[in-house]
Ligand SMILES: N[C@@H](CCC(=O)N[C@@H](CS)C(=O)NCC(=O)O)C(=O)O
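A single chain comes next, written as C-alpha coordinates; it is the form predicted alone.
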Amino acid sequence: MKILSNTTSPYARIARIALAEKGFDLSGTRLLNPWGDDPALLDLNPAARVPTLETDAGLPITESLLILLWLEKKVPEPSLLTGPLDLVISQAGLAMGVIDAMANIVTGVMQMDPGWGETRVGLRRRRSIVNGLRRLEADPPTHGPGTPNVAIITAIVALDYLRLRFMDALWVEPTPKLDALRALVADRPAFAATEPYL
(Lines give C-alpha, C1' and ligand atoms only; values in the text may rest on other atoms or scores of the structure.)
Protein backbone atom coordinates (compact mmCIF):
# COMPACT_ATOMS: atom_id res chain seq x y z
CA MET A 1 0.00 0.00 0.00
CA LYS A 2 1.15 3.53 -0.72
CA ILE A 3 -0.42 6.95 -0.54
CA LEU A 4 0.15 9.83 -2.91
CA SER A 5 0.04 13.12 -1.07
CA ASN A 6 1.58 16.55 -0.79
CA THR A 7 2.76 18.78 2.03
CA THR A 8 -0.16 21.19 2.13
CA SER A 9 -3.41 19.38 1.22
CA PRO A 10 -5.75 19.18 4.21
CA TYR A 11 -7.59 16.32 2.52
CA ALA A 12 -4.40 14.30 2.15
CA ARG A 13 -3.50 15.07 5.75
CA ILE A 14 -6.83 13.71 7.01
CA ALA A 15 -6.14 10.43 5.20
CA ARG A 16 -2.54 10.26 6.39
CA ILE A 17 -3.52 10.90 10.02
CA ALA A 18 -6.23 8.24 9.79
CA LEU A 19 -3.80 5.73 8.29
CA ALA A 20 -1.18 6.44 10.94
CA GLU A 21 -3.70 6.21 13.79
CA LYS A 22 -4.77 2.83 12.41
CA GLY A 23 -1.15 1.65 12.56
CA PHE A 24 -0.15 1.90 8.89
CA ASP A 25 3.45 2.76 8.07
CA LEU A 26 3.54 6.04 6.16
CA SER A 27 7.17 5.78 5.11
CA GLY A 28 6.02 4.86 1.61
CA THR A 29 4.14 8.15 1.19
CA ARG A 30 4.91 9.72 -2.16
CA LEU A 31 4.86 13.53 -2.05
CA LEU A 32 4.03 15.25 -5.32
CA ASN A 33 2.47 18.34 -6.81
CA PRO A 34 -1.05 17.44 -7.97
CA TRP A 35 -1.06 20.51 -10.24
CA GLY A 36 1.95 19.09 -12.06
CA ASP A 37 -0.01 16.26 -13.72
CA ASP A 38 2.28 13.63 -12.26
CA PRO A 39 1.93 10.47 -14.44
CA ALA A 40 1.73 8.16 -11.42
CA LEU A 41 -1.11 10.19 -9.95
CA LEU A 42 -2.97 10.47 -13.27
CA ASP A 43 -2.63 6.72 -13.78
CA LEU A 44 -4.35 6.02 -10.46
CA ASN A 45 -6.71 8.98 -10.26
CA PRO A 46 -7.91 10.76 -13.44
CA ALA A 47 -9.04 13.68 -11.24
CA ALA A 48 -5.33 14.20 -10.36
CA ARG A 49 -6.16 14.85 -6.71
CA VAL A 50 -4.57 13.91 -3.45
CA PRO A 51 -4.98 11.85 -1.42
CA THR A 52 -4.88 8.83 -3.64
CA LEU A 53 -4.21 5.55 -1.92
CA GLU A 54 -3.03 2.53 -3.90
CA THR A 55 -3.90 -0.75 -2.23
CA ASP A 56 -1.55 -3.73 -2.24
CA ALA A 57 -3.72 -5.12 -5.06
CA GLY A 58 -3.10 -1.95 -7.11
CA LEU A 59 -6.61 -0.51 -6.70
CA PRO A 60 -6.87 3.26 -6.22
CA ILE A 61 -8.96 4.64 -3.38
CA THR A 62 -9.50 8.37 -3.54
CA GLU A 63 -11.10 11.13 -1.44
CA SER A 64 -10.16 11.50 2.21
CA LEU A 65 -13.47 10.50 3.75
CA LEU A 66 -13.81 7.47 1.47
CA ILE A 67 -10.32 6.40 2.51
CA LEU A 68 -11.42 6.78 6.13
CA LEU A 69 -14.54 4.70 5.46
CA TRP A 70 -12.40 2.02 3.81
CA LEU A 71 -10.05 2.07 6.81
CA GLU A 72 -12.91 1.66 9.29
CA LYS A 73 -14.02 -1.50 7.46
CA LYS A 74 -10.49 -2.89 6.92
CA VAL A 75 -9.18 -2.11 10.40
CA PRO A 76 -12.12 -1.59 12.79
CA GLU A 77 -9.90 -0.99 15.83
CA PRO A 78 -8.99 1.55 16.91
CA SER A 79 -12.13 3.19 15.61
CA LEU A 80 -12.08 6.77 14.35
CA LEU A 81 -15.82 7.06 15.06
CA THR A 82 -15.78 6.86 18.85
CA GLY A 83 -18.13 9.05 20.86
CA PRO A 84 -21.74 10.03 20.18
CA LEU A 85 -21.91 9.22 16.46
CA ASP A 86 -24.35 11.97 15.45
CA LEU A 87 -22.30 14.63 17.23
CA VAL A 88 -18.97 13.32 15.91
CA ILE A 89 -20.21 13.27 12.30
CA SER A 90 -21.85 16.70 12.71
CA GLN A 91 -18.63 18.25 14.04
CA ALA A 92 -16.57 16.57 11.33
CA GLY A 93 -18.99 17.96 8.74
CA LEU A 94 -18.53 21.48 10.12
CA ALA A 95 -14.76 21.09 9.93
CA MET A 96 -14.95 19.72 6.39
CA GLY A 97 -17.03 22.73 5.36
CA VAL A 98 -14.31 25.01 6.72
CA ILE A 99 -11.63 23.00 4.90
CA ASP A 100 -13.58 23.07 1.63
CA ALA A 101 -14.06 26.84 1.86
CA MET A 102 -10.35 27.42 2.52
CA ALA A 103 -9.32 25.11 -0.31
CA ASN A 104 -11.70 26.96 -2.66
CA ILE A 105 -10.09 30.29 -1.80
CA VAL A 106 -6.54 28.96 -2.09
CA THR A 107 -7.29 27.34 -5.46
CA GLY A 108 -9.05 30.46 -6.76
CA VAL A 109 -6.18 32.73 -5.71
CA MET A 110 -3.40 30.43 -6.96
CA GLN A 111 -4.95 29.20 -10.20
CA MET A 112 -7.27 31.98 -11.37
CA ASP A 113 -6.81 35.44 -9.87
CA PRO A 114 -4.81 36.76 -6.89
CA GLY A 115 -7.89 38.83 -5.96
CA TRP A 116 -10.29 35.87 -6.12
CA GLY A 117 -10.67 35.81 -2.33
CA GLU A 118 -12.32 39.23 -2.49
CA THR A 119 -14.87 38.24 -5.14
CA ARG A 120 -18.48 37.53 -4.24
CA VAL A 121 -17.82 33.80 -4.16
CA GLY A 122 -14.53 34.24 -2.30
CA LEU A 123 -16.25 36.32 0.39
CA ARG A 124 -18.96 33.66 0.75
CA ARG A 125 -16.23 31.07 1.29
CA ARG A 126 -14.65 33.35 3.91
CA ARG A 127 -18.00 33.60 5.67
CA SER A 128 -18.18 29.79 5.69
CA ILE A 129 -14.75 29.63 7.31
CA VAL A 130 -15.52 32.20 10.00
CA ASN A 131 -18.97 30.84 10.86
CA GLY A 132 -17.85 27.21 10.79
CA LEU A 133 -14.93 27.91 13.11
CA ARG A 134 -17.18 29.91 15.44
CA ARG A 135 -19.49 26.91 15.77
CA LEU A 136 -16.60 24.50 16.33
CA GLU A 137 -15.10 26.86 18.90
CA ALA A 138 -18.44 27.13 20.72
CA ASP A 139 -18.79 23.32 20.90
CA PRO A 140 -15.41 21.73 20.12
CA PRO A 141 -14.81 18.00 19.79
CA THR A 142 -13.66 16.42 23.04
CA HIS A 143 -10.64 14.18 23.35
CA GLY A 144 -10.31 11.65 26.11
CA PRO A 145 -7.91 8.74 26.33
CA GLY A 146 -7.38 6.75 23.19
CA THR A 147 -7.40 7.44 19.48
CA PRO A 148 -8.74 10.81 18.27
CA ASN A 149 -11.95 10.49 16.31
CA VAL A 150 -12.76 11.95 12.89
CA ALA A 151 -14.22 15.13 14.44
CA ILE A 152 -10.93 15.83 16.22
CA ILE A 153 -8.86 14.95 13.16
CA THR A 154 -10.83 17.22 10.82
CA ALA A 155 -11.03 20.10 13.31
CA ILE A 156 -7.26 20.09 13.89
CA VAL A 157 -6.54 19.75 10.17
CA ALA A 158 -8.83 22.75 9.53
CA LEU A 159 -7.11 24.79 12.24
CA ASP A 160 -3.61 23.98 11.00
CA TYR A 161 -4.57 24.70 7.38
CA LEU A 162 -6.02 28.05 8.47
CA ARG A 163 -2.71 28.89 10.15
CA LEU A 164 -0.74 27.76 7.09
CA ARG A 165 -2.72 29.65 4.46
CA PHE A 166 -4.40 32.54 6.30
CA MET A 167 -2.06 33.27 9.21
CA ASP A 168 -2.10 37.05 8.70
CA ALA A 169 -5.70 37.46 7.56
CA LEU A 170 -7.48 40.14 9.58
CA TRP A 171 -10.73 38.18 9.59
CA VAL A 172 -9.26 35.18 11.47
CA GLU A 173 -10.69 35.05 14.99
CA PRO A 174 -9.08 33.55 18.12
CA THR A 175 -9.88 29.90 18.81
CA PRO A 176 -8.64 29.15 22.36
CA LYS A 177 -10.76 26.00 22.81
CA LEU A 178 -9.63 24.53 19.49
CA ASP A 179 -6.04 25.53 20.31
CA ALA A 180 -6.34 23.61 23.59
CA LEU A 181 -7.66 20.58 21.70
CA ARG A 182 -4.77 20.86 19.27
CA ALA A 183 -2.30 20.88 22.17
CA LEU A 184 -3.76 17.57 23.40
CA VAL A 185 -2.95 15.77 20.13
CA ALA A 186 0.02 17.76 18.79
CA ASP A 187 2.61 15.25 20.03
CA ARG A 188 0.86 12.21 18.60
CA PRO A 189 3.06 10.89 15.77
CA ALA A 190 0.14 10.91 13.29
CA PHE A 191 -0.36 14.65 13.78
CA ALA A 192 3.29 15.69 14.23
CA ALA A 193 4.56 13.78 11.17
CA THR A 194 1.87 15.22 8.88
CA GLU A 195 1.95 18.87 9.92
CA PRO A 196 1.54 20.95 6.75
CA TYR A 197 4.27 23.14 5.33
CA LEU A 198 4.85 25.17 2.18
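Keep in mind the model is a prediction, meaning the values are calculated, not measured. Heads up: residue numbers just count along the shown sequence, starting at 1.
The same protein also has a form predicted in complex with the named molecule, omitted here; what follows describes it.
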ask   = 170 to 178, 20 to 28, 6 to 14, 185 to 193: which one contacts the named molecule in the model of the complex at 4.5 Å, heavy atom to heavy atom?
value = 6 to 14
request  = Report the residue, out of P51, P141, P148, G132, that has at least one non-hydrogen atom within 4.5 angstroms of the named molecule in the model of the complex.
outcome  = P51
task = Find the only residue in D38, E137, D160, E63 having a heavy atom within 4.5 Å of the named molecule in the model of the complex.
result = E63
